[in-house]
Structures are given as C-alpha cells and as structure tokens.
Ligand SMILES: Nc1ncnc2c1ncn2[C@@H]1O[C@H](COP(=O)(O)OP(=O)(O)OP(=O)(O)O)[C@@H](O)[C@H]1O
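This document opens with one chain alone, in structure tokens, the form predicted on its own.
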Amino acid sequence: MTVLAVSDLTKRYRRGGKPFAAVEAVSFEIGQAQTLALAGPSGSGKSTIARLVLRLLEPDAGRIEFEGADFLALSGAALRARRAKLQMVFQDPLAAFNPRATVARVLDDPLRIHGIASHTERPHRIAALLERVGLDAGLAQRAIHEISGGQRQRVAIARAIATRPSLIVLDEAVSALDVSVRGRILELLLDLQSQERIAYLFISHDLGVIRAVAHRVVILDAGRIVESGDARAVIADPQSAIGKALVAATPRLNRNRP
C-alpha cells in the first residue's frame, strides 16, 4: 500500500530579486513499512521537501497524496485529523519542545489535542509510550532539559508514535547524537517500523546511516532529483556526481558490506 505519493513537487523563492527553485519537480512514493531516504548536500532541498510534505510550507506546484487522499486539498478540521497520521521528529528536540516542560506534558499534548485518551487514561498511555521507546515510566515527571540527548530523542519518537501515525518524517533525527546512542535509536526506529508498520521519510547527510535503515534513497542537488533507487545499490555504485561526492565524503562507509 502506498502511504505517500509526491508528484512534481515544486517550491520557489526569490533571491536577490531573482526567482530560484528550492525544490523543482520532485516525485517519489513511500509504501507501508518502507523507508525512503533523502540525501544531498546542504541547500539541496531535503528539509524543504519535509516541510512541504507536512504542509508547514505550501508548494507552488505539484501534488501530495497521503493514504490515497489529496493532502493539499484538506483544510481546517479535516487537515488536523489527517495530520494525526503524519508526524515529525526533528534533529534537536530541545529546540522543538519547551525545554522546561515535563516529559509527561510533551507526551500529553498529542493525546489531548487529538482526543486519543481521556484525562484519566492519559497517564497510563504516557507510561506505556515511554516503555515502548525503552524509557522508564518514572521519567515522566522530569523536565526535558534535565534528561540526556538520547533520552530526549526517545521522548520525541514516543510523541511521534502517540497518534499511531502511518508516516513519520525524520529530519536529521540522529545526526546530533554520539555514535553509540545513534545506533540504539536506529535500532528502536527499525523495531517500531517492524511492529507498527510505520513508513519513514528519512532525511540525512550520512550515507552510512541511510544504508543501515533505508529501503530506497533519493539523491538531491539544487532541489532536483539526480539519482534514486535501492539504497544499498545506489550507495555501492552511485552514478551521479553528487552521489559519488557523498560516498567519497563518508570514509567510514563500508561499501562492500553484503
């Protein structure tokens, strides 16, 4: 089943009085329980695409179908209801959340906003969410700024899965973590995908991470797709100049791994 289908997505801005395309005619699909990675240098359009998919930005042209419906045609209550099924995990949860808010408050918000659980049920739901992402339920009363970066990212993932989404957009979600914590977060994401059948749009500049988690990869340059295909095949033998440059810039990548 196709969860997300993007067709000819385009976003233009003006720079120095002249128009330029941040994203130009980008098309891709993501199926249920699949991970599509967006890779490319800074300014290639990765994060702009993420924000367009989430409708944090509106495109100038193109079509976005989410779970078979025209996502761009939705507004008001219909858009809010559908957004419960499409969540995002940012690079820095400390910036995304109120750092003085408690973990319980961060997890309570989506449950309350989307009417997922009653006031009396929500503490139990919060404890279950924390346990689902490998955290102790007692962490609920801690402030976001008091817990570690790895714990904060697990809380961000718990918040994302609270609404039982079909798709999670992960924008450089592990790039700020140290290597050992990064590996555990990636294992958590893979486990959640297997258990919950969630699709991921995974944005990263790290081809080693992409090779570990993605089924397919789209390589971008200046807002355009320059290469796409099976993630391991593309990374093992990139055909585009940008793909080759990204592989060359990742010395720890083992391209011979089976």
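A residue's number is simply how far along the shown sequence it sits, counting from 1. What you see is a predicted model; the values in this text were computed from it and never measured.
The same protein also has a form predicted in complex with the named molecule, omitted here; what follows describes it.
Only one segment in the set 192-200, 225-233, 59-67, 46-54 has residues whose heavy atoms sit within 4.5 Å of the named molecule in the predicted complex; it is 46-54.
Though the partner is left out of this view, residue 245 does not reach within 4.5 Å of the named molecule in the predicted complex, counting heavy atoms only. Taking the partner from the other structure, the named molecule in the predicted complex has a heavy atom within 4.5 Å of a heavy atom of residue 41. At least one heavy atom of residue 15 is located within 4.5 Å of the named molecule in the predicted complex. For the stretch 20-41, the set of residues having any non-hydrogen atom within 4.5 angstroms of the named molecule in the predicted complex comprises 20, 22, 41, in sequence order.
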